[in-house]
Ligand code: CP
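To begin, one chain is listed below as structure tokens, in the form predicted on its own.
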Amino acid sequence: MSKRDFLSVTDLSRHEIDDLLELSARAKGKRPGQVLAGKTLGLLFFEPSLRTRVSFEVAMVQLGGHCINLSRDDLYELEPQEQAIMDGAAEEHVKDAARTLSRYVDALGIRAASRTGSWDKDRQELLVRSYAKHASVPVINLETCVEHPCQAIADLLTMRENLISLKGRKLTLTWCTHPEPKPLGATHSVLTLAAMMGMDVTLAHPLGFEVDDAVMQKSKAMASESGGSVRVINDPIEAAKGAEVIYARSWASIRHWEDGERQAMIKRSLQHWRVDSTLMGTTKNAFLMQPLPVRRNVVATDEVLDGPRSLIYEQAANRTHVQKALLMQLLK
């Protein structure tokens, strides 16, 4: 039987995104059922997780299924390259793990967002895509350095619930300072989806923190097709003017991907890149979104995170409903 993976927001057409959002909204208002009774989802986390892990497990339980959670401590070091001579740290090839797990579970969710080399290597998402290649069950991307599609779909549902329609609405996706170099997954996926839905997207970041060029070009092409727009501004206050949604997110510099010390030095002069009441005051009474976890009073102040326009907990809650819809589409 054929199987379908969910590795990128671009794996779904605009029509399929609309259907997924509608199914998510319906799932949100229903009591738990048994549509996935007897099904098992395997979750593999090579990095820490709170919301993704719990929301997927709750989603499966509410649909009558079951989850098995595995963390890095439970897993062997894996080799994703084909025809590799495995005389190093890797104890097992991904193909053997994927084919074995496919005999146990009905789908696999994998988070592998750590930096393992150069950006050119990490942007290939070798581990997740190797699992997808060799597994005979659907594979779901739970976050890589490049994409976080489940988070972005939930964010889209949250925006639609509060803005009613998305076409032509103004979203500012703004970089914020952070002591750690964070993955670009959520940024890329939200940017791509918002462009697909015809939103007017402003991407705000300091020089040196540009997103992946291929993702930017794809987003601009999608915006052109959908009647939206994508622009880049290198000033946080200017970028926030007139925004209806401020989406705060930190991400690492691709330019200095392998040089953490250089990134830390650059960020010393970028402490003003945070979301506070001054920035929110320039918007069009914007909602605040941030995918969590958040460094309070670094990425955004307590005042705005706990304010009446903050949607951070609605975003988190919607993860469960979107994942119920996604699991039903992949497994039912």
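All residue numbers refer to positions in the sequence shown, first residue = 1. Treat the numbers as computed from the prediction; the structure is a model and nothing was measured.
From this point on, the text means the form predicted together with the ligand, which you will not see here.
- With respect to the ligand in the predicted complex, the three residues Pro48, Pro291 and Arg319 uniformly fall within 4.5 angstroms at the level of their nearest heavy atom.
- Contact check for Thr52: a heavy atom falls within 4.5 Å of the ligand in the predicted complex.
- Residue contact with the ligand in the predicted complex: His205 places no heavy atom within 4.5 Å of it.
- In the predicted complex, the ligand lies within 4.5 Å of some heavy atom of Gln151.
- Contact check for His188: every heavy atom lies farther than 4.5 Å from the ligand in the predicted complex.
- Shown alone, this chain has one stretch from 59-67, 291-299, 271-279, 28-36 that lies within 4.5 Å of the ligand in the predicted complex by heavy atoms: 291-299.
- Taking a 4.5 Å heavy atom cutoff to the ligand in the predicted complex, none of the residues in 254-282 make contact.
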